[in-house]
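What follows is one chain in structure tokens, specifically the form predicted on its own.
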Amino acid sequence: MKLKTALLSLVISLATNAAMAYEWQALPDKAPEPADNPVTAEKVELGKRLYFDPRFSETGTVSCNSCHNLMLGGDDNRSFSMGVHGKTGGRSAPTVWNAAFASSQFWDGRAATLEDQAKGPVVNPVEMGMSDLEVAMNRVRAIPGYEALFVSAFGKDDAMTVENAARAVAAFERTLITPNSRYDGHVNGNKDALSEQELRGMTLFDETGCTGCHSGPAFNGPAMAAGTGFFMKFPTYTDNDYVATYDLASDKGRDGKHMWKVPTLRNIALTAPYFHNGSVQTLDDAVRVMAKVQLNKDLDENQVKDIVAFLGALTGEFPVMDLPRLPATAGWSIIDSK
């Protein structure tokens, strides 16, 4: 009798858990930060200037903001960003907004932290094109005005280093978060925050299976230790026209296994074109593609419209962003135009 009662309780418990709705989460108003690089106002001010400064690219034309435009959705709305000498890469620039909530960086997750990621584009021959990180840092050292900013952020002892430059940029990027979307308002108890269509889309987003990957407050998967990364195979289902039409499989992603970091869906309405190769121009088509190649499901037009409406409600509140005054080189140029 006791065994039957225990089994009945277990069945009821499992059924109850299965019936429970997905746990929707609001975006925190502060991003996580590592113990060895706490965010300070001084680091943020330095990092902001470095982020917007194009002078430590080979041609003096490309800054972090060139590809990850903070006046837009944190990307550049191009399939492939343009770097030095008009070169373009093979992957679309991901948004930098809310990147601090990811446990790895780049589409393939090859950078464990924002600090690691900040170094990569500087020496990428297609992006900023510098031959060496120290060569790039020497340009920063040669610009009057930067030393005081480094000392203020990191103290007087050997402040102007590559590592500290990366720490400053990462600290700045940890302030680039967009909470208080209408979705967040709904999760926080505002019953009028979402329209009926957006509420339908929210339910359909879960029932279709999208939350299997796009979960958590940033819709980029579960919280994980820095450097771990949350990856999924893409495309999963290849017996459809979308894979060839949008060339989804030629780039094999992480370790050549078609594994990709699950990107955030925050502000997704602002970051077209979509996917790692920027091949899909509209959010409507991106929803259709994802449903088919990841879940093997065909959505009708009304379902697509409802999910797109919900995704639009993930556009958050952007912090006020004033362009910084960069330290000047009065009377001379640090860029060799030859």
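Values in this document were obtained by computation on a predicted structure and should not be read as measured data. Numbers follow the displayed sequence, beginning with 1.
Just so you know, the form predicted in complex with another copy of the chain exists too; it's not on screen, but the next bit is about it.
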Note to self: Taking 4.5 angstroms as the heavy atom distance cut-off, pick the stretch from 38 to 46, 280 to 288, 23 to 31, 294 to 302 that is near another copy of the chain in the predicted bound form.
What the structure shows: 280 to 288
Check: With a 4.5 Å heavy atom cut-off, would you call Phe219 a contact of another copy of the chain in the predicted bound form?
Finding: no
Next item on the list: Verify the contact flag for Gly86: yes if a non-hydrogen atom of it lies within 4.5 Å of a non-hydrogen atom of another copy of the chain in the predicted bound form, no if not.
Entry: yes
Note to self: Given that another copy of the chain is not shown alongside this chain, does Tyr274 nevertheless sit within 4.5 Å of it in the predicted bound form, heavy atom to heavy atom?
What the structure shows: yes
Next item on the list: Classify Asp76 as contacting or not contacting another copy of the chain in the predicted bound form by the rule of any non-hydrogen atom within 4.5 angstroms, answering yes or no.
Entry: yes
Check: Looking in the predicted bound form, is another copy of the chain within 4.5 Å of a heavy atom from each of Arg55, Leu70 and Ala328?
Finding: yes
